[in-house]
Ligand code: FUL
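So this first bit is one chain, no partners, the form predicted on its own, shown in structure tokens.
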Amino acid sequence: MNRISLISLAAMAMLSACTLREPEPFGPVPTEAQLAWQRMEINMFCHFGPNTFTGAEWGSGMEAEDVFHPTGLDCRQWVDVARQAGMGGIILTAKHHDGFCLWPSAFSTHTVADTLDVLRAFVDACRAGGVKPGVYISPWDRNHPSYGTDEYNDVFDNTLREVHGTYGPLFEQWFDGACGEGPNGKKQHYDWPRFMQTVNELNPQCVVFSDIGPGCRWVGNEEGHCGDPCWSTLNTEGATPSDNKPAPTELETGHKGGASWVPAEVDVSIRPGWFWHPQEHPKSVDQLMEIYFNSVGRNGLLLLNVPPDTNGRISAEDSAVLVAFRTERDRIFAHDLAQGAKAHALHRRGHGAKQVLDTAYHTYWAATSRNAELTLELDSATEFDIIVLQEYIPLGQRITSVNLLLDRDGGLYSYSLGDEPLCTTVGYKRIIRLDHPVRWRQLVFQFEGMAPPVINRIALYNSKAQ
């Protein structure tokens, strides 16, 4: 073999090695707990407390303890409903702004009796039913006499230690940033670093929610939608959950190139209010589907509030809508029309384009350029109106724009949304609804990103199919 051939073989080997090298993470990336949280996609919120019985949304804190008297508490029923609705976790308002504790706390006199430990019944039912329990514990307390003083930070920290030490582990800690006036007119200055440290110390896998995370962030509205774009990254330096936080519009979109991984959680209620009120009724399946597309479908996690009634059960009306909501999702996403297609791309980094068609989470196509194309060739012309894209977020969120070219008469033309691309950000999941069904055999996806795209999944669906 001559010298030129040897040099050529060596160059080819080096090129192959470079091609097979795994891509490096780009920017901040999720922890294992954040990734597991994001993959849950939909969880249940349960607002339950004295407000359930008084008709209030924000209690005064002066309600008598015995106003809370569920006549048939059944947390197992909550778990059954959550599972039928396709939800993997439930977050209970263990203490709302009225300060009433749904467990017999040693740090408050405004609590349930020892014989009615709702929090214990809740976490036990969740674990028995294979659903993850989480808690909402409001730092604002309209009952506790020390609220508005330095002493209250000790009280609240001890409360967190009591809950996480006695009832943990918990998959999510929900911190509302509300901060009202104490009985002496003094506003409470929360010791947020201390509170965060306590949760992390006792429950290191717990995802902590607040306006700025660190585990996940408020999406900036209670209407059921992420912004567009929606980045999982956020700049939080100098901010706190209750003061000097990003504006709601910033929380809706996140920050492109932000320094921390703080994905959006979309909290919205199935009813007009957060607590159960007999005169209110749940949203329709169509309304819930619109919320799903604009939350999970825009890189968020949907936290759907389903309040138990005065019996301590989720109403039959709400349960029926939730089951129908699950049935509709299952119908639409039952058959991925891209299965069996051929996928190819000119440039890849060790992972072929076909990886976007399998259902394994930890496989992906990794491009070698910030601007990259991937082509899907279906077996035959196929009608679809929904496209699902997923980035492999353990390597970061990269994509800034996606365009789509469709074949026609042997050529390609752009599927246009006016002057806008097919979508901007992708993140964990982007569900794109086309404005009308199309019927094509070849699709070319054009990706642009801050770094070479890493695509976990591409799927096609027909929402009109029965």
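What you are looking at is a predicted structure, and each value in this text was computed from that prediction instead of being measured. Numbering starts at 1 and follows the sequence shown.
What comes next is about the form predicted together with the named molecule, which is not displayed.
The single contact residue among F45, F68, Y428, W37, judged by any heavy atom lying within 4.5 Å of the named molecule in the predicted bound form, is F45.
Shown without its partner, this chain lists D98, D318, D267, E252 as candidates; in the predicted bound form, only D267 has a non-hydrogen atom within 4.5 angstroms of the named molecule.
The named molecule is not shown here, but in the predicted bound form it comes within 4.5 Å of a heavy atom of W58. The named molecule in the predicted bound form is not approached by F195, whose heavy atoms all lie more than 4.5 angstroms from it. Interface membership of A178, defined by any non-hydrogen atom within 4.5 Å of the named molecule in the predicted bound form, is confirmed.
A residue is said to contact a partner when one of its heavy atoms sits within 4.5 Å of a partner heavy atom; E222 meets this definition for the named molecule in the predicted bound form. For a residue to qualify, one of its non-hydrogen atoms must sit within 4.5 Å of the named molecule in the predicted bound form; all three of Y136, W174 and W274 qualify. Heavy atoms within 4.5 Å of the named molecule in the predicted bound form belong, among the stretches 89-97, 255-263, 385-393, 200-208, to residues of 89-97.
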